[in-house]
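Okay, so here's just one chain, in structure tokens, the form predicted on its own.
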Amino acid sequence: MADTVLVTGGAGFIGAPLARRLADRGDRVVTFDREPARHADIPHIVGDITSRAEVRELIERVSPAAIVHTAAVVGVAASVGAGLMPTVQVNIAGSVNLFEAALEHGGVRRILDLSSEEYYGDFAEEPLGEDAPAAPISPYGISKFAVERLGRYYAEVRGLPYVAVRLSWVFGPDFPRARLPETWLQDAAEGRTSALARGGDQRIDFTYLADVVEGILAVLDAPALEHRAYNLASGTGTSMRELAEAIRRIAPEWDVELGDGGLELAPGVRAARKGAYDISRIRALGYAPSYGLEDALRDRLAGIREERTDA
């Protein structure tokens, strides 16, 4: 029987397409989430990552050879809105439950944990490499930093095969909340003018979902890993003003009222200063982005228009 890959958060924005890709290439996959299954043909277990007993039972039942850990309270605004305690319970305590259960059961060859550019806080330079200091400024970023440090402890002291993959502003089908570029693309599809009072100077390394899935597979499949963390993004920084220009090129009828300065992710919650990732580490594993930003925007806009036609 083939080894099993367990995807926590497997009904989510990244977990579900990752599970689909794994199954389509022939892997045996099991998903775990508090939400119902997204794929009828992939075994799915409904459960709570914050329950130590449920996670222990999950690992005993599935006996995975590899785990991709995507379950989390995701995003700066969500971590502020949910309050610190739910973020700590899900992101930090839930991860510890998974690490402990994996060690108790044994047989796991790799645990790949999805982390974030929020780990770094304000970028000190561009492109930013994985050895840059961690200085998170939000509850979400702090939780991701804490999980990575705990993962390193479990790896170095207790032998857990832990690796972190740090993502940066992923967008694509089924994105679950209001964030750029999805909101602007939705407006473009509807013929609406967008508005953003502040944020034109904010720089982001936007990453298309399809590329993220392939990057995760590159880390998951690597025979050996030299590092404990890998940046996964496009390797290109784009300002919100440049993003607007790119969308105008593919949707000339769309426009945006866009102010200068940095971005606010929620009232009174500023975005960290960001920009391009250095992705040379993950490139060495065979990953290369397939989508330039404009191609990704065009593909996503076509998808939104098709979704509206089908509705």
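The structure displayed is predicted, hence computed values, not measured ones. Just count from 1 along the sequence shown to find any residue number.
Omitted here: the form predicted together with a small molecule. The next part is about that form.
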Exercise for the section: Would you check whether the small molecule, in the predicted bound form, lies within 4.5 angstroms of a non-hydrogen atom from each of G12, F32 and A72? Expected result: yes
Practice task
Within 4.5 Å of the small molecule in the predicted bound form, counting heavy atoms only, one of 222 to 230, 102 to 110, 183 to 191, 168 to 176 shows up; tell me which.
Solution key: 168 to 176
Fill in the blank from the handout: Interface check vs the small molecule in the predicted bound form: of M240, V147, L114, L98, the one with a heavy atom inside 4.5 Å is L114
Fill in the blank from the handout: Assert contact residue (the small molecule, in the predicted bound form, non-hydrogen atom within 4.5 Å, options V90, V76, L196, L160) equals V90
Problem - the small molecule contact in the predicted bound form: I49, any heavy atom under 4.5 Å - result: yes
Handout entry: Partner contact for Y120 in the predicted bound form: the small molecule, 4.5 angstroms, heavy atom
Key = no
